[in-house]
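What follows is a single chain, given as structure tokens, in the form predicted on its own.
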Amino acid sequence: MTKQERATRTRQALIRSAAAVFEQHGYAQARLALISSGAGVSTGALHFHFENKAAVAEAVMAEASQGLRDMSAAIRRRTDTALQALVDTSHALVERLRGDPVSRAGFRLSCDGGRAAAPDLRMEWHHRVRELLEEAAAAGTLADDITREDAAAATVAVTAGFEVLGRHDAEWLSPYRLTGFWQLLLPRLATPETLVRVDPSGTATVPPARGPALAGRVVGEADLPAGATAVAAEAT
């Protein structure tokens, strides 16, 4: 493995470890020592890649943001209608919130105070929902008496609410919950001709999140076996 490959692997490990730490402890209580130990590297290696905690948080949010954009674009390319793409993208987002610590941390950091400015995942999701609704309206598949602003607000409020509730009860991030929401909203949102062609349970295969999933529990410094921490030079 080349030095550049080791550096890339170390950076990704740090981002995913940081995501787990931010998700568990929040930004203010997250410690760089815990992030570095969770990635199996020294704090010196962490500082080689990131200047401070704010920089680590921004990297986590940037990774989550890119994942959201890539996921949404991939689903739209293979989906016939904008409304089905909206339903499918919401299901894919909820799937990521269930299984990908970077996505979960990105959304949590979007509303967590005390950090530097970074991409706001909720605002990005709102923007994408509005884009798809604009496209649906242009195609004539939205009901005449519903506004895109109201539809976007309802969609973002429910999915963001599921994300918050899902931190304590994974049932809120189940496909069943989201399908139930679309079964309620779609008859109000879509024209009758469109409604029969949109599946509220989703049709697209969920694109995988980047990188391997971390274990459910964050590893603390005391949990690491002796010699597990790498030196900064080796990690970079």
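So that there is no doubt, residue numbering starts at 1 and follows the sequence shown. The structure displayed is predicted, hence computed values, not measured ones.
Unshown form predicted in complex with a further copy of the same chain; subsequent notes refer to it.
Trainee: Wondering, does G140 line up within 4.5 Å of a further copy of the same chain in the model of the complex on heavy atoms?
Mentor: No.
Trainee: Even though the partner isn't displayed, in the model of the complex is G180 close enough to a further copy of the same chain, meaning a heavy atom within 4.5 Å?
Mentor: Because a heavy atom of G180 falls inside 4.5 Å of a further copy of the same chain in the model of the complex, the answer is yes.
Trainee: Counting only non-hydrogen atoms and a 4.5 angstroms cut-off, does R128 reach a further copy of the same chain in the model of the complex?
Mentor: Looking in the model of the complex, residue contacts with a further copy of the same chain do not include R128, since no heavy atom lies within 4.5 Å.
Trainee: Contact with a further copy of the same chain in the model of the complex for R69, defined as at least one heavy atom pair within 4.5 Å: yes or no?
Mentor: Result no; R69 lies far from a further copy of the same chain in the model of the complex.
Trainee: Just to confirm the contact call: exactly one of 83-91, 162-170, 69-77, 98-106 touches a further copy of the same chain in the model of the complex at a 4.5 Å heavy atom cutoff, so which is it?
Mentor: After filtering at 4.5 Å, what remains is 162-170.
Trainee: Which residues from 143-163 come close to a further copy of the same chain in the model of the complex, meaning a heavy atom within 4.5 Å?
Mentor: Stretch hits, in order: I146, E149, D150, A151, A153, A154, V156, A157, V158, A160, G161, F162.
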